[in-house]
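Encoded as structure tokens, the following chain is the form predicted alone, with no partner shown.
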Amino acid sequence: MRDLLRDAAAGVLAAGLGIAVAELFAATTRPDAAPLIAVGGAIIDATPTPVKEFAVRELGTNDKPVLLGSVGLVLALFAAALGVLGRRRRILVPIGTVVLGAAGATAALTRPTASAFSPVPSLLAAAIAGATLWWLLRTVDQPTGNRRAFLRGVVLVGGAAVLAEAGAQLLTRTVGRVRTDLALPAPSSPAKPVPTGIAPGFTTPSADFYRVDTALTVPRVDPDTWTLRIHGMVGTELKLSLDDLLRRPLIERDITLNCVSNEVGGPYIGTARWLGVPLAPLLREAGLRPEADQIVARSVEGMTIGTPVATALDGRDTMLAVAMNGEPLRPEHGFPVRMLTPGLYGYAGACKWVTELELTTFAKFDAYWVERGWARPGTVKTASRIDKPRPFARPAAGPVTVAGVAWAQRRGITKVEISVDGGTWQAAELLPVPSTDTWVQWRWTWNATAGPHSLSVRATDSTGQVQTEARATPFPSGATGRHTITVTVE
């Protein structure tokens, strides 16, 4: 048993060193080509939509670490088995490492931004892992002193792996130049003052703003070399640097953004004050052709987001955002530039790390999420949520404040109502808002009586549409239903 554990440990250590060195190498060139990242990305693309929705619902922002951890676990098990089997049949060591290298290289080549360089980190990892495992197993075969030689090898390989991984992590956390040194011009069209009378929490702090995307590593974008290309069905192709964008008139707006993966009552929604360049003038300057009905935004890591051209030209504040809440975009939120379209879910109008806008038609191209079955329009549905009291709270009998938010971007909310235990709907007080592009806060005083109770909320938008009670999952066009919580009054 001791020999089996020793051989398995040799396989895991060898694989660990190979992966660590490959990640360090990739971090200096292309982080998305690192073996675990490439394989993880390929898995995400191949995963059925229901499984993705389950992961987002159950794991939230932990879905990426869990995926990478799972890939690492499978690799460790394979490497352990290779160490055990390779001890007995040495030819299996190169065969096994070739299989691993080929799997990583193939995954890297399937990525949207793949190049001839992409397979190199995976092939490097396989070569190092194979050579290291062969060497470790040879120390065991020595006629004398094999235990000491093996232990020295373990210390050497483990130390090298730790150093390489530390270097890789240090490099991947360095995102271009310091983000805070990006000078933000004053907006030519400032946001309206937030009305007096709003409650705390109207604006979501940038650090607390939700993040849902498929990027397993946050792209490192140098703002000095970043460019935006506008091409396709236009008269004149445009290519703009970040400085070019910042020299244009900027608008500042309070806008609520939400993810289509949000369940009823879910957390994937937030409001921020955004600063950016309006998109409509750029499209007109490029000579947008009348037959174009889709904007395909591409990010630096290859994501494609399809947005209706009409939503950039109908008067809403569709923009290329460069800042949120008075600061340059955080890397995880799209630094240096992201697209933002009020009234559309993120998957249909909010491409992060955007670097390209192609004007085309929906008939010619399906963007990433549409290709996987999500609806093309991406229009935000009328919805509401109870934030206070929390589910399963135990408030005291008497007056209890029930409060939350409701949203119907571009339409606005005209009424929010609460029902206790399925009874009569009671109108809540709506707090002021700066525009129809934000959520509205609401509150209602409930004269609570002792015992268990259920509280439900529904909203009505400016078109007269009442939030439906029919339950539907987020796929394919956004969740529906009424948020209901249970509390026990004491």
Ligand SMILES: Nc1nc2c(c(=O)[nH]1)N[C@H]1C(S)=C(S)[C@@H](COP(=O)(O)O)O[C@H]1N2
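Please read these numbers as outputs of a predicted model, since none were measured by experiment. We number the residues from 1 along the sequence you see.
The same protein has a further form, the form predicted together with the ligand, not shown here; the description that follows concerns it.
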Worksheet entry | Heavy atom distance at most 4.5 Å to the ligand in the predicted complex, all of Arg211, Asn258 and Trp353 | yes
Response to the item:
Which of 338-346, 381-389, 307-315, 133-141 lies within 4.5 Å of the ligand in the predicted complex, heavy atoms considered? The stretch 338-346
Item to complete: Give a yes or no for Ser299: in the predicted complex, does one of its heavy atoms lie within 4.5 Å of a heavy atom belonging to the ligand?
Response: yes
Worksheet item: With a 4.5 Å heavy atom cut-off, would you call Leu279 a contact of the ligand in the predicted complex?
Response: no
Worksheet entry | Contact of Ile413 with the ligand in the predicted complex (heavy atom, 4.5 Å) | no
Discussion item. Is Met303 near the ligand? Define near as a heavy atom within 4.5 Å, in the predicted complex.
Written reply: yes
Discussion item. Suppose contact means any heavy atom within 4.5 Å; which members of 310-338 contact the ligand in the predicted complex?
Written reply: Glu332, His333, Arg338
